[in-house]
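Heads up, the chain below is alone and in the form predicted on its own; it's given as structure tokens.
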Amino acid sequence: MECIRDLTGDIKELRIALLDPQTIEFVPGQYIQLEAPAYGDNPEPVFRAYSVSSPPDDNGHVELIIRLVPGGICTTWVFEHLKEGDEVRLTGPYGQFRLSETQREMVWIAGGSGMAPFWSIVRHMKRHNIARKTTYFFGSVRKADLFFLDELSALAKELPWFEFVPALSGNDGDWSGERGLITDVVARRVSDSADVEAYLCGSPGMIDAAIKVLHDKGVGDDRIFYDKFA
């Protein structure tokens, strides 16, 4: 484990330097399985799936964004036991969540650790000049729950095809951006009959609500792609 840093009060970023093998090949949007070893009341190792948040060109490392789940075997190990310098085991990559090969405009919707695949994808797109018009809606409750805000805002200024729309559903008084549930923000800002592809990542409840909004806008299931964090 090369580096562990706090992104918010309940979200950490792990940066893992690969040892055996020393490199990994994956498509932005895919995930790995991270092993939590036996510890405390956990009698045997378990694997949990986490989207890779690093871009594929950084193939000697894997970065993960992990949110603490109360009582979660793997997240409790990450937050309470894992230390920089520890060796960890992972397998993969896995999964079919990835950008299509069309040139359609894209809408991304995420919250919390659902940031992970999009943080990989947007940096991959920048590096390889994939200039598809993209609006990224990212929802949090409080301003303290937001992360990569400066980095994504900087990318939005640099890349003419990319717009970043963070939103808060709580009552932080010093917030001048969008307010409301992220699905409400999407409903306000995405036009009816929009010819877009939608990519969703987050909790099942958020994804189900987002799909309903997209259906109401005329976006068919064939243009909605998602990764549910159950």
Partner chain sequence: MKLSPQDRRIMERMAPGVLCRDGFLGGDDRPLGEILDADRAAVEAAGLTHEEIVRRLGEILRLAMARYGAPVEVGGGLTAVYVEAMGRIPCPWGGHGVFAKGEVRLADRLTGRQIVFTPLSVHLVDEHGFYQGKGSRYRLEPRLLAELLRRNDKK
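Positions refer to the first chain, counted from 1. Quantities reported herein were computed from a predicted structural model and do not represent experimental measurements.
Below: the form predicted in complex with its partner chain, not depicted.
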- prompt: Ok, Leu64, Val190, Leu181, Ala36: which has a heavy atom sitting within 4.5 Å of its partner chain in the model of the complex?
  reply: Leu181
Listed residue that, although its partner chain is not shown, lies within 4.5 Å of it in the model of the complex (heavy atoms), from Glu87, Glu80, Asp150, Glu101: Glu80
query: Among 120-128, 91-99, 72-80, 151-159, which stretch has residues whose heavy atoms lie within 4.5 Å of its partner chain in the model of the complex?
result: 72-80
task: Please state whether every one of the three residues Ser113, Ser203 and Ala209 places a non-hydrogen atom within 4.5 angstroms of its partner chain in the model of the complex.
output: yes
message: Please determine whether Asn59 contacts its partner chain in the model of the complex, using a 4.5 Å cut-off between heavy atoms.
response: no
message: Even though the partner isn't displayed, in the model of the complex is Gly173 close enough to its partner chain, meaning a heavy atom within 4.5 Å?
response: no
Heavy atom of Phe225 within 4.5 Å of its partner chain in the model of the complex: no
- prompt: Does any heavy atom of Ser169 come within 4.5 Å of a heavy atom of its partner chain in the model of the complex?
  reply: yes
statement: Restricting to 4-43, the residues within 4.5 Å of its partner chain in the model of the complex through any heavy atom are Tyr39, Asp41, Asn42, Pro43
